[in-house]
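Quick heads-up: it's one chain on its own, the form predicted on its own, in structure tokens.
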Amino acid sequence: MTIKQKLCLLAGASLIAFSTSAFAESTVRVTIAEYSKGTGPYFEEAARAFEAANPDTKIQIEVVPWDNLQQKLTTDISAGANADLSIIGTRWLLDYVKESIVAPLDEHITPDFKARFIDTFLSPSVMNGKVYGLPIAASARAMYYNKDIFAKAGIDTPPATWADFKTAAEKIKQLGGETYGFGLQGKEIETDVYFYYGMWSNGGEIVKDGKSGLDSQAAIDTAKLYKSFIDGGLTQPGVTSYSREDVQNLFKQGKVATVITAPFLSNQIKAEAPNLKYGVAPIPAGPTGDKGTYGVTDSIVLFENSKNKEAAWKFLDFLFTTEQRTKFDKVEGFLPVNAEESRDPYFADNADLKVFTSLLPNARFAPVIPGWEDIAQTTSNAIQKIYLGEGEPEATLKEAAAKINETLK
């Protein structure tokens, strides 16, 4: 073979290599928290729609149960094996920002893009003047009540105060059988939040002036109140064996007359218990009229070590179009985070969602502070101890508050 022929072959090979690299497919990996049976199918469908419009990008979806998500992310990040994008609890974001794990998104965000959002839900992901995440899920908490059980017990309206609620629960107990007035969560994620509902109603705060509010009179009164529901047989037996999902299932089965939870329960009832007659009401107020609901956002973040930031951002932009947000929130039963989406009749005319949105002005969000997950777990451990009768409320809460104060330091 002549030198000229060899050069031609080399040139041809180089051209093929250049062509292959120029049109190489980039893969964006996305870790998704599983909210319901519809979560995975929605994101797979969204990924395929995005790929059809962007054939040079492959979207790889990995769906992870919520209870396993934080541990998976911790393991993956430590090994440098994390995805490009991931859903996280917004309450974890500060620790991620402090450790430079997530990338700010400001260079991609235009005024028009930012204007898509309802500020209440975008602001929790803004830290030090920079946007580190986008609100992929938003909700608040309210009380669901079983209208048939209330009617049988002679209760005309949902309870306005905790005192009214206890009276209602006692009337339901008098019906006999195995139906209980107060569906009370006692294990796993948001066990602490279920306690905060009462504490906020009593005028308490999770953290005040840099110190735990768990040893406040409001917290002590709430612990005594909840324990009186348990001891009076007004909750399902063995509350510390019941997660949020477990209590929701009891409500769908008609075994508890109330449950405090998020808007997504409405969709579950329609699908799994369509004959259940229920209403949605604000969480009962305390003796001074204070009301408390929990405002929640989960964020989707871009990791700093991503090698595909531009393609990942393009997928984020797609997910936060009005069309995609509307599809996702309808699947999951979340509150709209997109201003235009909120005007869709599905949301604007939805009686259940109107209750939740009416509570947002007084919603409390988890404090954006370092060590929040440790604080939440310490609180849950103390509450479980009180529910089980293994510790007196005041002493147990004071001990937990001292531990939390060490974390806060």
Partner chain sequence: MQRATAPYILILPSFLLAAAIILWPLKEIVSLSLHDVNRFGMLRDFIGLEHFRVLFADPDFIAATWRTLVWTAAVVLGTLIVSVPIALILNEDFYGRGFARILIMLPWAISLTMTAIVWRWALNGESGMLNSALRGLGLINTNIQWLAEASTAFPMQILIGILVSVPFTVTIFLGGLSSVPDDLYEAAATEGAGSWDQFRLITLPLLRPFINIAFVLNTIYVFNSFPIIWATTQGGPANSTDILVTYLYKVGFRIGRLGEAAAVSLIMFAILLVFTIIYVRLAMREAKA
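Owing to the predicted nature of the structure, the values given are computational and were not obtained by experimental measurement. Numbering follows the first chain given and starts at 1.
Below, we turn to the form predicted together with its partner chain, even though it does not appear here.
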*asked:* Counting any heavy atom within 4.5 Å as contact, can you tell me which stretch out of 281 to 289, 179 to 187, 319 to 327, 214 to 222 lines its partner chain in the predicted bound form?
replied: 179 to 187
*in the predicted bound form, the residue from 268, 167, 123, 243 that sits within 4.5 Å of its partner chain by heavy atoms*: 243
*210, 154, 237, 274: which sits within 4.5 Å of its partner chain in the predicted bound form by any heavy atom?*
237
*Site check 74, 99 and 381: each within 4.5 Å of its partner chain in the predicted bound form by heavy atom*: yes
_Touches its partner chain in the predicted bound form: residue 68 (any heavy atom, 4.5 Å)_ = yes
*Find out whether any non-hydrogen atom of residue 385 is located within 4.5 angstroms of its partner chain in the predicted bound form, and reply yes or no.*
yes
*Is residue 110 one of the residues lying within 4.5 Å of its partner chain in the predicted bound form, judged by heavy atom distances?*
no
*asked:* Please tell me whether any heavy atom belonging to residue 78 falls inside 4.5 Å of a heavy atom of its partner chain, as the geometry stands in the predicted bound form.
replied: yes
